[in-house]
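As a starting point, one isolated chain is supplied in structure tokens, in the form predicted alone.
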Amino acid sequence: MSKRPTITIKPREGRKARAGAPWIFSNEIVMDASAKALAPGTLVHVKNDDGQDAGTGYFNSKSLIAVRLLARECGAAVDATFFAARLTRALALRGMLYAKPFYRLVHAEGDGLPGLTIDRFGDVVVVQVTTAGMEALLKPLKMALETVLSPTGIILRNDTPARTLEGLELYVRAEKGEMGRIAVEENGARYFADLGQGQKTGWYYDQRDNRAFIAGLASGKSVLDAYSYTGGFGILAAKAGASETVCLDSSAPALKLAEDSAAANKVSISAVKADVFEELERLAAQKEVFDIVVADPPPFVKSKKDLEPGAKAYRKLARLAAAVTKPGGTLLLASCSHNIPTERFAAECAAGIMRGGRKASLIRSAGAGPDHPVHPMLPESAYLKSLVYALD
């Protein structure tokens, strides 16, 4: 192994890292000329100011999170064997949770692999890399995937805008096998996802448990699934016996997948292509209401600078969604925005519902499923927020 450069934590800094957190921020380290000269993603030894080992990680002087730790000891080998061990551990956890191989296999820091997401679709895996350090380690990662899973397909969905913050190009390619539509099994339903063209990795496993909860209420009820994407909530509700299911989204390709999924499950949905805010206002004006309304939008707060306008958008969405929820009905409001705290999101949802002249009781607060583990020292990385209200 070649000699790695050393990054030193400043005196009285890095308290969270010393306690076990995997992030070390740029203002916590000695950022001298030699550190600044390192290529983004360089593997480094990390030392405390007293010379004690702090771990092995990868470094990017241009990132606010300057070091993301991969191991707690210096000199740790980061090779195919390293990745195989992490993947084996992640696989064992999912094996305890799910009977079928459809889940998030790797959830970044929660699985000890910062900058990496892997979603599994049977024998196909979709890999998403967001950091320069993990991009530089793609070769041993792919070797480990072959050893542990031997998938028939490996799709690289490296087109997330977060990569630009690390100076990385955006691309999508099939490293093995072919991209395209694939079947997804979840909660006893059969869905379809487009692994090459769909959003993120093609599917959102994070809402699995929240979909099941709503489906449990849906028998004999009318359901509006706003921002339905490929019909995750709506199709499961229809399969559970909903009397009417409307899937509302602005994407025609996503709605086509929803209609195909509905046919595969032998249920009927109404797919409506429209801007969600405009359609909710139209429905309210026409006094159309539903027993259950789900509003699971894309992130309104993509960065900290978007917090105030994003919070206002969540408040407006809550007001409009409440307006089309029947008295005695149920409303689910969700946010996948990492940059809005749970308390702030809940406050905006409550304000929107009240401004719409409705009374509500919060009956459920949840996040992502257990295949999205959170590092115990990074509670802020629990991005998904799902609130369910019983309305008057």
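All residue numbers are counted from 1 along the displayed sequence. Please read all numbers here as calculations on a predicted model, not as lab measurements.
Separately, the form predicted together with a small molecule exists; it is not shown, and the next lines address it.
Thr131 falls outside the set of residues with a heavy atom inside 4.5 Å of the small molecule in the predicted bound form. Among residues of the shown chain, Asp111 is not one whose heavy atoms approach the small molecule to within 4.5 Å in the predicted bound form.
In the predicted bound form, the small molecule lies within 4.5 Å of some heavy atom of Asp275. Looking at Arg104, you'd find every heavy atom of it more than 4.5 angstroms from the small molecule in the predicted bound form. Stretch 198 to 206 is the answer when you ask which of 80 to 88, 139 to 147, 198 to 206, 310 to 318 has residues with heavy atoms within 4.5 Å of the small molecule in the predicted bound form. None of Thr160, Asn187, Thr152, Ser251 but one reaches within 4.5 angstroms of the small molecule in the predicted bound form through a heavy atom, and that residue is Ser251. When the small molecule is considered in the predicted bound form, only one residue from Gly241, Gly167, Gly180, Pro298 comes within 4.5 Å through any heavy atom, namely Pro298.
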